[in-house]
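This document starts with one chain, in the form predicted on its own, laid out as structure tokens.
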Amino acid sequence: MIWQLEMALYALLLAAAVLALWTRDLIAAVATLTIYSFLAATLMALMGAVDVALTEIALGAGVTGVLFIGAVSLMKRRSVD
């Protein structure tokens, strides 16, 4: 049963990564990267690395998300390409 959950989380992780690359809106890209970080932390917690998962949530989703949103707010919201 647990391997089905892990495979579903891996598929969602891959989908979040692809969506972050294809998104033109930079705020939406930051949001998908935050979702990616939460999914990676969930997978790490399922594998038994709870300390690494907590660090990933705190730094990967929390601090990095806030810094990215701050940086995007100083730029144009949409990418030029």
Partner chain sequence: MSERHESALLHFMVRAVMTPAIMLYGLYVLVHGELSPGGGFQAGAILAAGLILSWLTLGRKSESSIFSRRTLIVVTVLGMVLYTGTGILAMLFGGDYLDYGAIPLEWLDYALPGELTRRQMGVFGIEIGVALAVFGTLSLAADYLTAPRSGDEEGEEQ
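Here the structure is a predicted model, which means the values were calculated and not measured. Positions refer to the first chain, counted from 1.
There is also a form predicted together with its partner chain; it is not shown, and the following applies to it.
Not one of I2, L13 and A17 places a heavy atom within 4.5 Å of its partner chain in the predicted bound form.
Contact check for L21: no non-hydrogen atom falls within 4.5 Å of its partner chain in the predicted bound form. Taking the partner from elsewhere, M47 is found to have every heavy atom lying beyond 4.5 Å of its partner chain in the predicted bound form. Within 4.5 Å of some heavy atom of its partner chain in the predicted bound form lies at least one heavy atom of L54. Along 47 to 68, residues V50, D51, L54, T55, A58, L59, V63, V66, L67 each place a heavy atom within 4.5 Å of its partner chain in the predicted bound form.
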